[in-house]
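Just one chain follows, in the form predicted on its own, and it is written as structure tokens.
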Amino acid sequence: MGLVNLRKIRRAKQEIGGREVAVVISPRPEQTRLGTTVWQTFKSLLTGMKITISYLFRPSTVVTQQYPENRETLQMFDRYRAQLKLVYDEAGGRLCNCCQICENACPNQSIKIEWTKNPDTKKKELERWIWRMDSCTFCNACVQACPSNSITFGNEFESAVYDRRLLVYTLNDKAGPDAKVWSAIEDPAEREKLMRKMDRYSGPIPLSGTSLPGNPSGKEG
């Protein structure tokens, strides 16, 4: 058994297939004695046992979560990405203005934004904000690209379903104008007139490019 001395690794250029390419030249591993190998193995074993024994005497430092026993008290870390959510202002207005930048930023087309144009204001109004959780890689590109900070990832860690069609759904519970138009109207009754209630699973629910019958509620295909 031998170890490679990282300090002796160097970069160079070699001609391969008629082209000059950059390569990394690594020296031959240096042979180690049997005693050294045994000591390194024993040392790594002691390191692992030290961590295990410390958890035995200090159980409060254990990183492993006892799920589902602690289901009621378990809190995920802030950096954990679970379900995508729309962000609303203090008045309840939706910050999303249908710019579709997040849709364009998604690397695998897990986002589809359907919108209509108001004939009076000539502005976009959100119809459906569709998220395909079944194909989302949780890369956070959509959240970072959003210029109005209107979407974020929550910490809900239980997302398992028995029917994978339930992983494609509409995020917005109401269709209509964004927070800029919503907040400008003081009368709550007038605000409600501008909004239309949306079902979570209404509209097309595609799976591998095919609309499927028997979706939980709403229209098919």
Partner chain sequence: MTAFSSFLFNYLNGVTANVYEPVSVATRAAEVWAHEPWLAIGWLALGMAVMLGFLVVIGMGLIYGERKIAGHFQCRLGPMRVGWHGLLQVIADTLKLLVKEDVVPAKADKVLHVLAPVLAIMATLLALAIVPATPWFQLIDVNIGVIYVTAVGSIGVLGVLIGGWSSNNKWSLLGAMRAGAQIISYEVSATLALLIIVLFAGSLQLSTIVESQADGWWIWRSHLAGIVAFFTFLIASTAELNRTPFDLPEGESELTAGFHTEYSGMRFAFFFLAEFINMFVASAIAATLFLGGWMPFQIAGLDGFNAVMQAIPPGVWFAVKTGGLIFLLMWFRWTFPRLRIDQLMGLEWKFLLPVGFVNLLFAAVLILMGWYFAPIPA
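Only the largest set of C-alpha atoms that superpose within 1.5 Å between the two forms is called the rigid core. Numbering follows the first chain given and starts at 1. The shown structure was predicted, so the numbers you read here are calculated from the model rather than taken from an experiment.
From this point on, the text means the form predicted together with the partner chain, which you will not see here.
Student: Counting only heavy atoms and a 4.5 Å cut-off, does the partner chain in the predicted complex sit next to every one of 48, 56 and 69?
Tutor: Yes, each of 48, 56 and 69 comes within 4.5 Å of the partner chain in the predicted complex.
Student: Looking at 184, 189, 161, 62, which has any heavy atom no more than 4.5 Å from the partner chain in the predicted complex?
Tutor: So the residue touching the partner chain in the predicted complex, by this definition, is 62.
Student: Just one of 161 to 169, 191 to 199, 174 to 182, 48 to 56 has heavy atoms within 4.5 Å of the partner chain in the predicted complex; which?
Tutor: Of the options, only 48 to 56 has residues within 4.5 Å of the partner.
Student: Would you tell me if residue 161 moves between the shown form and the other one by 2 Å or more at its C-alpha, with the rigid core held superposed?
Tutor: Shift of 2 Å or more: no.
Student: So, superposing on the core, is the move of residue 58 at the CA at least 2 angstroms between the shown form and the other one?
Tutor: True for residue 58: a C-alpha shift of 2 Å or more.
Student: Relative to the superposed rigid core, does the CA atom of residue 37 travel 2 Å or more between the shown form and the other one?
Tutor: It does, since the residue 37 C-alpha is displaced 2 Å or more between the shown form and the other one after the core fit.
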